[in-house]
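Before any questions on how it binds or moves, here is one chain, the form predicted on its own, in structure tokens.
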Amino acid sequence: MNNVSVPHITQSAADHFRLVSASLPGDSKVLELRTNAMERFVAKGFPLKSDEEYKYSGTEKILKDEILWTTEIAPERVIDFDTIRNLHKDALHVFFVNGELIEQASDINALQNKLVICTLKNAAYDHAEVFNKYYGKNVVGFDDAFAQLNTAMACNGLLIHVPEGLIIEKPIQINHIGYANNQSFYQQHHLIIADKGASVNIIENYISNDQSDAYFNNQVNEIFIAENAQVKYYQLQNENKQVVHINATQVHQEQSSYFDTNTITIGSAWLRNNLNIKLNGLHCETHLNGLQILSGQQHVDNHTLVDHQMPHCNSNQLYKGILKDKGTGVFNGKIFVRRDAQKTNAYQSSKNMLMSDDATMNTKPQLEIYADDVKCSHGSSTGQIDKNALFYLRSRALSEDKARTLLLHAFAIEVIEKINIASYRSYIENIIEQRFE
């Protein structure tokens, strides 16, 4: 590919922003924030392999054609929302198709009255104080071109605001369905705010039709967790193998808050997950888990950063990968412990299994510690299936395929078991079992 197309697309994005900026949600201060984000994006440009943070995931190959910045729902598509809902009956479902909320199919009216859940467009008018206060605040200091581009241009997405003390019993499942036109570029931006003592469980489910054209999905999630609040946030990334998916999740935690996340990746052609967490209060707890199962020529890059800013906080990370064919995985995890963050406990582990000679896994665990009274560790391992274990199972009358499947399931289950919503965990187990068949 000719590299000149990348700066050409950068300029195309800037030109489109000038056309639509006045109509984007938010007041004058939000517009200023959007404009600054676009300026940062243009200055930085799309990341190439020469950028350290995208060393293994340069965008030269995925930015080879013109991009359609406008989005619309594909006409005359019949979508069976009930089938999707029935796969996880214990959740309240919200449906997006090609980035647009399908309100009549969603369970918004079944949610508790005090809970606010609405589109960004409605949030900018009906909940302006909250929207203008939080939109883009977690992204300002994040030096990533895709996140800045989304913050500048996003007009779709949700505001989910859980008021003080409110506990939402049922998980809220946001279903993103892609039936896209070729090279469409969708940008959603979610604001998830849990006030003091609140609790909410959120699931994001990304799916697309196998016959859908290639499209880009560039999403930002800003999660704000107040004192003593809890958020469990899970993702299933299962789009078809033509999709390019970039996902940035920015989390801000206050004192004694709890955050748990688990990302299961089995779809997309090229996928990048950025997960950045700031522990900004005493006694915060956070858990990051992920599982990727790759085949064909899939490329998945997981980047995590846990920023311990205050004392007496705990974080745990466990990421696993199963790669076959020419699948390529990346894990770059960083634990940052600031000078004042004494009594920090932070652990990180990346474990990967290569099922073919052509599969590749790149891992880079990092510790950056400026406090002296901490317990921190990281580890990484990449290998192949245990031949002794395979031989043992075959000696117990299992076929080679069944023995291999059993070992892969045992490897993956450690991540799946960390999902703290029983109904969703069962749903994921069924999907993973089908993947191993």
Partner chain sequence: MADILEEVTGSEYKYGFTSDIEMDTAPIGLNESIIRFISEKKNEPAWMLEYRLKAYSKWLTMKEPKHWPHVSYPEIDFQNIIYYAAPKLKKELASLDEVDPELLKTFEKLGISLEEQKRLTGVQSNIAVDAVIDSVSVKTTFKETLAEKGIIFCSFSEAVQEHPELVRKYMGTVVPYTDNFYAALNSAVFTDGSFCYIPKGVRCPMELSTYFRINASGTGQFERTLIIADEGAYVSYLEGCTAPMRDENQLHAAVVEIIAHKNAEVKYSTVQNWYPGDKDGKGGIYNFVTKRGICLEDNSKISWTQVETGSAVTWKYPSVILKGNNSVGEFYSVAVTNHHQQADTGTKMIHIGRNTRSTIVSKGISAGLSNNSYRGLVKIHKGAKNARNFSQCDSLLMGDKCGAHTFPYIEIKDQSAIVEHEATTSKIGEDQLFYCKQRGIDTEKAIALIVNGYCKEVFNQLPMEFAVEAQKLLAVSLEGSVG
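Remember, it's a predicted structure, so these values are computed and weren't measured experimentally. Residue numbers count along the first chain shown, from 1.
There is also a form predicted in complex with its partner chain; it is not shown, and the following applies to it.
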None of 345, 297, 209, 362 but one has a heavy atom within 4.5 Å of its partner chain in the predicted bound form; the exception is 362
Single option in 87, 367, 140, 128 placed near its partner chain in the predicted bound form, where near means a heavy atom within 4.5 Å: 367
Whether residue 170 contacts its partner chain in the predicted bound form should be assessed with a 4.5 Å heavy atom distance threshold; does it? no
Can you work out whether residue 380 and its partner chain are in contact in the predicted bound form, taking contact to mean some heavy atom pair no more than 4.5 Å apart? yes
Residue contact check: residue 80 to its partner chain in the predicted bound form, 4.5 Å heavy atom: no
In the predicted bound form, does residue 375 have a heavy atom within 4.5 Å of its partner chain? yes
Which single stretch, out of 337-345, 240-248, 256-264, 280-288, brings residue heavy atoms within 4.5 Å of its partner chain in the predicted bound form? 337-345
Triplet 55, 355 and 358 all within 4.5 Å of its partner chain in the predicted bound form via a heavy atom: yes
